[in-house]
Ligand code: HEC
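Given as structure tokens, the chain that follows is alone and in the form predicted alone.
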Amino acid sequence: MGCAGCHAPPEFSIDPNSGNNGVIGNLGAPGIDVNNTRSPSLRDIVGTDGTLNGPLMHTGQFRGLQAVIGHYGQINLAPGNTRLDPRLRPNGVGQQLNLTQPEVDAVIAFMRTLTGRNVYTDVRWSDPF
């Protein structure tokens, strides 16, 4: 899929040189925002109880992980979006991942593993050197 190109492990935070992700709306205001290129870490996007930690993206328009993956699965080249990250427009066209439902389910299952403090405290994940 290429998610790690922008959301680098181990923190899965956004590459500071990223362009926008194709979500160009403004929260509660008319017009577009092509300059919003920052995001929090993907860690703890889901709570320990399994519920989503709020609406997603800077507009709050995505209410589930399936919707987010659907967005990245079919990037539309919106008029006026002059800052779409080049990694989301291979060969000048919007990214088309063509994921199967089992693949989408696997990505969601992986994202759910990024919840909690275990990665920071469990000796199994400590420096092997």
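The structure displayed is predicted, hence computed values, not measured ones. In this text, residue numbers run from 1 along the sequence as written.
Omitted from view is the form predicted in complex with this ligand, to which the following refers.
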Contact flag, residue 114 vs this ligand in the predicted bound form, heavy atom cut 4.5 Å: no
is_contact(residue 38, this ligand) in the predicted bound form, heavy atom dist at most 4.5 Å: yes
Proximity of residue 46 to this ligand in the predicted bound form, heavy atoms at 4.5 Å: no
Distance check, residue 87 to this ligand in the predicted bound form, heavy atom within 4.5 Å: yes
